[in-house]
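Listed next as structure tokens is one chain, alone, in the form predicted on its own.
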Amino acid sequence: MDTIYEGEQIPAIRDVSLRIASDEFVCIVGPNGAGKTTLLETINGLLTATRGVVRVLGHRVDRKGPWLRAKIGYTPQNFSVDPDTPFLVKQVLVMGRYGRVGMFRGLTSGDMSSIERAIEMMGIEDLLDRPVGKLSGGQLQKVLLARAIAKEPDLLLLDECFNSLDPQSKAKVLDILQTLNHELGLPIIVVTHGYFAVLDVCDRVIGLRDGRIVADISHPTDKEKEVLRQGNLIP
């Protein structure tokens, strides 16, 4: 699989062949510009592969992109919100649930329960009536994660989801991801460039450099983590 950004000639990811099991917790690492975000966006159908076929949940992304995205929870990297955005946090969470059930269907009590569980899980009860544009970076990250979780996705794609979080919140989010993966069997793909505690709990680490997969390790040992460091895939 290759993906080339519009206007570019060199693929941002190239010769990528990757199969992920339906219950795996996968961490993608690599230096800046390695193609980590591009890979995640291609899996999510936000970018179109220029060579090869991408299948997610058993379906081709190029044929069922919108249908698949309704089943995928996704948090983008460096997501920003205009300070004047009028929506409250609780409205943003409801919008996320509509992303699963469709805009033209009213939310049921079950839908609202899913939102409430995500709020409690992320501990953002005190943010619900805050304008989303007035949140700090860490608060916004928690809201985006809650929105993705409230969707009750079949696949969770998280791009630098630990950014802007304090150490305690990072540990809490990692614990939540483990619970979702172990207890619900939710497949999770996390891109990280700075929080490597995830390497201790994930099933598999994919290392990217210059758009290519250069490492694929299951349950990395300390020795294998040192190899990743020596290859500048992690600091």
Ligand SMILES: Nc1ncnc2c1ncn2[C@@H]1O[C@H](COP(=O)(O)OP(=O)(O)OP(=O)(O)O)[C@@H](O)[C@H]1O
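Each residue number is its position in the shown sequence, starting from 1. Worth saying up front: this structure is predicted, and the values here are computed from it rather than measured.
The same protein also has a form predicted together with the ligand, omitted here; what follows describes it.
- The closest non-hydrogen atom of residue 190 lies beyond 4.5 Å of the ligand in the model of the complex.
- The ligand in the model of the complex comes within 4.5 Å of a heavy atom belonging to residue 35.
- When contacts are judged by a 4.5 Å heavy atom cut-off, residue 12 counts as touching the ligand in the model of the complex.
- Looking at residue 65, you'd find every heavy atom of it more than 4.5 angstroms from the ligand in the model of the complex.
- Each of 8, 31 and 160 comes within 4.5 Å of the ligand in the model of the complex, counting any heavy atom.
- Of the candidate stretches 37-45, 53-61, 168-176, 196-204, only 37-45 has residues whose heavy atoms lie within 4.5 Å of the ligand in the model of the complex.
- In the model of the complex, the ligand lies beyond 4.5 angstroms of every heavy atom of every residue of 96-123.
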